[in-house]
Ligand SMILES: NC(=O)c1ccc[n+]([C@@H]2O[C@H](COP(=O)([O-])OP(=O)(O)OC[C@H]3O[C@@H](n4cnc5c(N)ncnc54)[C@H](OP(=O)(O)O)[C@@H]3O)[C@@H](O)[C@H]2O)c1
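Form predicted alone, single chain, as structure tokens, below.
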Amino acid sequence: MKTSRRLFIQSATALGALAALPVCANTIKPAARQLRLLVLGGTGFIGPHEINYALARGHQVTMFNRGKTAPGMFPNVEALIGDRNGELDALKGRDWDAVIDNSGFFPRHARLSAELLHGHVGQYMFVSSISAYSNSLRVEDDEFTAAYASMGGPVDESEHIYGPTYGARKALCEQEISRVYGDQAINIRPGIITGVGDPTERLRHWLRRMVAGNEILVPGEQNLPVQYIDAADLCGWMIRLLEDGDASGPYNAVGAQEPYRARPFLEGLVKATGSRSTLTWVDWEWVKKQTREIPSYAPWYREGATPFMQVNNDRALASGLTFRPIGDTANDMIARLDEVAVDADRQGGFSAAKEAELLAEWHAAQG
């Protein structure tokens, strides 16, 4: 059975931990401008980071969702129940300073919420994706020169939210929001988001292997770029953008300040985590000849992905986006690795047994 990328809570202990993410609330000062914030979603991966940071800054938060995923996560936050698919009555007649839309995956849903809330919220912040860009993306492109991805046909709302037209649908959602809100629309385009609560294996795979201390197979080129952003950095910056009140348009929310390079990135993680693991770099073409399994946890060896790992983030940096060291992200995640299950649709990768088998074959081939 397919599941979405929304957070899967394994136990009451995990739920409590995710509702108290490490935002260092004792070091966060109240915002100079207190806001009434509406969050569409709120209990998925990035939602708890947004809500915890907003509360630490002194903002009043309301969540709107179906009430199905971790409904008790924030008992002291107002929760409105509804559905993006036209069941929006709970939002009628209410006013907020800004809305953060985490759960817009289909343009019709984005249009419905944007039109209903128009005149009742000041700013509309939509969480999009760098996948909204077309495959013609160039390293020199920025938010205003890169072309949108386009649909090859009509939108199919039965498609999985992270299905083949995910990026093109995000582009259409952005256009719906911008059509309604104009300069009051803010389109956030993250790349690979990780950190506490990440339901994918894109970084957690490496951390699990490093915790085990085993030899780690790394397929691909050692110098290819990769961009990760910690959800806590992303969400804190998003809240501050709304506090400033003058943000507008698209922002590429990718990190770090310069793209990491594959080998120093992983070697840095080994050092930061105190792991005993060794890294064995294996030719990607050789791997593809040995197995049909395609690991999804190391995006820098995906064919054609390089421009999407070198996305320009100058505009976001100028607006105050900052990054914690990736080693801090890794250690925060290691402390909570077993609190969140990997999304069933995002598990792609080698098992430990398959990895050991490939390593043995590789070493034998090298003599």
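For every residue, the number given is its place in the sequence shown, counted from 1. Note that the coordinates shown come from a computational prediction; the quantities given were computed from them, not determined experimentally.
The form predicted together with this ligand is left out here; the points below concern that form.
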Per-stretch contact check against this ligand in the predicted bound form, the hit in 76-84, 204-212, 220-228, 137-145 (non-hydrogen atom, 4.5 angstroms): 76-84
Contact flag, N187 vs this ligand in the predicted bound form, heavy atom cut 4.5 Å: no
S128 within 4.5 Å of this ligand in the predicted bound form, heavy atoms: yes
is_contact(I193, this ligand) in the predicted bound form, heavy atom dist at most 4.5 Å: yes
4.5 Å heavy atom contact, K29 and this ligand in the predicted bound form: no
One residue of T306, T62, N312, T69 in contact with this ligand, assessed in the predicted bound form (non-hydrogen atom, 4.5 angstroms): T69
Candidate from F265, Y166, Y297, W237 lying within 4.5 Å of this ligand in the predicted bound form - any heavy atom: Y166
Within 139-175, the residues that have a heavy atom no more than 4.5 Å from this ligand in the predicted bound form: Y162, Y166, K170
